[in-house]
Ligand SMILES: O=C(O)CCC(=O)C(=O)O
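The form predicted alone is given below as one chain in structure tokens.
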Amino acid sequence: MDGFARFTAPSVAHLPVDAPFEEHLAVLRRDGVLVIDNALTRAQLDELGRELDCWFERAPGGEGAFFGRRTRRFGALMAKARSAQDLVLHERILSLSECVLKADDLGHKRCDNIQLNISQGIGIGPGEPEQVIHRDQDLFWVRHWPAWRQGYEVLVNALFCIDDFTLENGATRFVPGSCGWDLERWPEDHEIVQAEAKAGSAILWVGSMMHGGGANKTDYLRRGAVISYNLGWLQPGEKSLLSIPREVARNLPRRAQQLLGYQVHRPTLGWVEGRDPIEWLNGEFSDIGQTQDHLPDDLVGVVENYYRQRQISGASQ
């Protein structure tokens, strides 16, 4: 032995968009991060870049160090670009996010629906230093939940690369496997790796994954678009119901409307006048509606059984 600790350099796994769903899911759960190559077609990528270019030009740098003084950010992507619907409704990424967050296949369902957490354009500008490593799940004070345990994911992010992500232009830094670490553990430098990816790729990571933006050492803006989903009963990071006007939301696909928040999360969270808010969005009622119970199937059975027993009991007295 040479007296020095040996370690294997970490890496971020890449899989093609048409790889088996189970393979995508297994890597995402194991490593906490995955690059899906060619997630967007050339036409989708070109349209996305064209529609968002003017917004990247208009967006100012941030006010603080965390979000970056030379990093341009803007939200409400579906109000700014029709092509953003392709990101929010990306079939494979949405399905993976639902599986990780609902965890039906693990036998302990965590939520009835998922929702859009944020949709954000991010352009890391020249001279921006690397961002501090962090976990996005800390937005929700997860470390203070008495019942929290490793593997209980509350959000999934998908970062669509509009430009090539390289070591020089600020490719996002990750700590593969940190989704399984103790919350107090901090990574050593050799445990951090940048996720290089070609334009049109999507980088997925779970909320417990440690990560941060990379330093941009080039003279051009490195552009990406983040679509993030979380559990339907959590507060979303972005108030999309306000930032995306009602007249825009009315013309979105129904699934996109639901992800924005026009849906009820059973039992009885998020209703308008006791009704599914998507009915309000579409003008099916305005100031009053006939209240619905909005109960999950298992509770429907409990309630029905209760009243059935009460009826039987009342008849016997």
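In case it trips you up, residue 1 is the first one in the sequence shown, and so on. This one's a predicted model, so the numbers in the text were calculated from it and none came from an experiment.
Same protein, other form: the form predicted in complex with the ligand, not shown, and the subject of what follows.
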Taking the ligand as it sits in the predicted complex, is Ile124 in contact with it (heavy atom to heavy atom, 4.5 Å or less)?
yes
Non-hydrogen atom contact Ala158 with the ligand in the predicted complex at 4.5 angstroms:
no
Mark Ser240 yes when one of its heavy atoms lies within 4.5 Å of a heavy atom of the ligand in the predicted complex, and no otherwise.
no
Is His90 near the ligand? Define near as a heavy atom within 4.5 Å, in the predicted complex.
no
From Arg246, His134, Arg143, Arg82: within 4.5 Å of the ligand in the predicted complex by heavy atoms is His134
Just one of Lys198, Lys217, Arg110, Arg73 has a heavy atom within 4.5 Å of the ligand in the predicted complex. Which one?
Arg73
In contact with the ligand in the predicted complex (heavy atoms, 4.5 Å), from 232-240, 124-132, 92-100, 175-183, is stretch 124-132
Across 217-248, the residues having a non-hydrogen atom within 4.5 Å of the ligand in the predicted complex turn out to be Arg222
